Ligand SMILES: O=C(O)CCC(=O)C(=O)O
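We begin with a single chain expressed as structure tokens, specifically the form predicted alone.
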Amino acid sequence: MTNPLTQEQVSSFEENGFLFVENALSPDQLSALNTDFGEWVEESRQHSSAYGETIDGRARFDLEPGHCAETPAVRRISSPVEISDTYLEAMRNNRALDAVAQLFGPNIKFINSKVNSKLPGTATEVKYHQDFLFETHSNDNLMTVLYFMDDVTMENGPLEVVPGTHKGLLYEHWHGGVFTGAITQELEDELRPKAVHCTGPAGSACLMHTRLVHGSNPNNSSDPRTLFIISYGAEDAHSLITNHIPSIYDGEVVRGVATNRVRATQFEMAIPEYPKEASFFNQQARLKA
């Protein structure tokens, strides 16, 4: 494997906690992923509520409120690698994964995957949060990789990241005894002026440290914005909680080898609530309530 990143890119990631990678997916991979997703959207027209089933019994396909046959609004597909050979192959082999191995490797494992979509006219937004608060491990060498299945623009709800926050605090995601899956609105308002928008052509990817504060706004355009999102981790980072998007492939070593070792770093945080519904969007809705 050839390291895809320059030293300048490595230094930028270490400083900012995120990195944009061009051509993370091949044109054939991108086309095949979009074909499968298009079929799932068509299938969703037959349903009026979350449907399908993951290995823990929750719905696999989560629908935005207002979804209907005429205006489908699939907002989350949990663990698509279990129902699509195309998604499984892309998870195991892509340029962004090589970059993860360069940054956190050489031994890298798969943790979980999902598709988050903002179809035109849908109101889906993601409040500011940190992924580590959902998938706590013995150390924080975890990477969220967001693969752009569509061109991501300023108008269709791009990812917003707050540079450098991966070096700071683990912020509370419990408020008033309720797990909201988000930081407070006051803190979000404070951090938002510092945020950077991650835009780029389909096939690109954004690599994001698990502690980085991030979120996104609704899609206000006529263009879709769909992301294939994969969590990878250092092989010696061991989960301290139940995987919130369980998969039969959880823990598969996708680069390097299994070492049978554990590495621990010091941190303190409240244990997250295991989601009872199809996705964390309903947890975040509690923050508004």
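The model shown is predicted, which means the values in this text are computed figures rather than measured ones. Counting begins at 1, following the sequence as shown.
Another form exists, predicted together with the ligand; not displayed. Remarks below refer to it.
Colleague: Identify which of 99, 183, 81, 159 has a heavy atom within 4.5 Å of the ligand in the model of the complex; exactly one of them does.
Modeller: By the 4.5 Å heavy-atom cutoff, the listed residue in contact is 159.
Colleague: 254, 229, 41, 50: which sits within 4.5 Å of the ligand in the model of the complex by any heavy atom?
Modeller: Comparing distances to the ligand in the model of the complex, the residue within 4.5 Å is 229.
Colleague: What stretch, of 212-220, 100-108, 184-192, 164-172, brings heavy atoms to within 4.5 Å of the ligand in the model of the complex?
Modeller: Result of the contact check: 212-220.
Colleague: In the model of the complex, does residue 225 have a heavy atom within 4.5 Å of the ligand?
Modeller: So residue 225 counts as contacting the ligand.
Colleague: In the model of the complex, does residue 146 come within 4.5 Å of the ligand, counting heavy atoms only?
Modeller: Residue 146: yes, in contact with the ligand in the model of the complex.
Colleague: Does residue 126 reach the ligand in the model of the complex if we count a contact as any heavy atom within 4.5 Å?
Modeller: Contact check for residue 126: yes, within 4.5 Å of the ligand in the model of the complex.
Colleague: Indicate whether the ligand has at least one heavy atom within 4.5 Å of a heavy atom of residue 116 in the model of the complex.
Modeller: Residue-level check for residue 116: yes, a contact with the ligand.
Colleague: So which bits of 64-79 sit within 4.5 Å of the ligand in the model of the complex, heavy atoms only?
Modeller: Heavy-atom contacts to the ligand in the model of the complex: only 76.
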